[in-house]
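Next comes just one chain, in structure tokens: the form predicted on its own.
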């Protein structure tokens, strides 16, 4: 069993100079991101690209919206990329912010009537065909835009920017690693407070506080804290259930640092682990390591012998086969992993439902197999992996120990 980690085991929160360096690096790389999008636009014969997803706004322009704020921001932050410029749309609530955060973009205060401004906006680009993030644009809005400028063809697109964002720059990886360290420190600080009788809700709130006061500007997602049989809910929510002795306690949580996120799961033991729970834990740990080993072996083969880099389907199979061989295949229903960055779930995907295309590189993704026994127990172990074939790197960004940790009961 692992010794109890303490916060000092992990990297400290980034200082102001580091954060300023990240912001400068982010601004410096935006022209190359726009150039990559325009190359795709040219190849697909569209003259402009209309984007609405908040992570795309930030990645291309610097304009930021908090989690969920896009639901009340109207068209603010949405953007139109033309051949020569990018326009950030706003209403009066966001104009000053957009000018500050997106200084290299044109800011157009259209107010609350996008269809009314649409002919002028598209006319400025000279485009006759406009790519639109169709999965994120409501059907009614699509119809209004089509009616406002019937001579302009709206082209439904999906995944263009997602695939570009899957490859991470060194500065992006640094920010994800910093978010991992915030989460690592927070859980280490929480360990002495975990004891029988404390509720899932109180532990979740305390962990959130430790992240927010330890360097995170926000959570990556709501904290999951699940005790005993509730750990069998892969996306369960904490309640007023107390922690009990000799049962598992599962935490799934992440921090956000300069817009970039972490995601980790640890299943702890409160008191002496039951033989069944310990057996499942060791199985899940074995499955996770099998996936990581398969990825690492693929990188070695790619670098040394010119082989093909492993894909998300094969990486998933490496973990899934271990669990299935132990008779628990039906108890592992979700994918083995997902990309992470400005969004908690993004490309690439490590799962059995994707085409087995090679993983992108450099990139960051989770490896998180689990086994869930309804009404009994659940175990998941999740770490973020940095993959960079050019530098022969398969590195865990999550530093919190993966070995069994049994807390005093």
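All values derive from a computational prediction rather than experimental measurement. Numbering follows the first chain given and starts at 1.
This protein has a second form, the form predicted in complex with another copy of the chain, left out of what is shown; the following refers to that one.
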query	finding
Partner contact for residue 357 in the model of the complex: another copy of the chain, 4.5 angstroms, heavy atom	no
Contact of residue 246 with another copy of the chain in the model of the complex (heavy atom, 4.5 Å)	no
Partner contact for residue 97 in the model of the complex: another copy of the chain, 4.5 angstroms, heavy atom	yes
Another copy of the chain contact at residue 134 in the model of the complex, heavy atom, 4.5 Å	yes
Proximity to another copy of the chain in the model of the complex (heavy atom, within 4.5 Å), stretch among 171-179, 191-199, 265-273, 87-95	87-95
Three-residue site 277, 286 and 405 fully in contact with another copy of the chain in the model of the complex at 4.5 Å by heavy atom	no
Interface residue in the model of the complex among 106, 297, 205, 324, criterion: non-hydrogen atom within 4.5 angstroms of another copy of the chain	205
Option touching another copy of the chain, based on a heavy atom within 4.5 Å in the model of the complex, out of 292, 232, 114, 166	232
Residues of 340-357 having any heavy atom within 4.5 Å of another copy of the chain in the model of the complex, listed in sequence order	345, 352
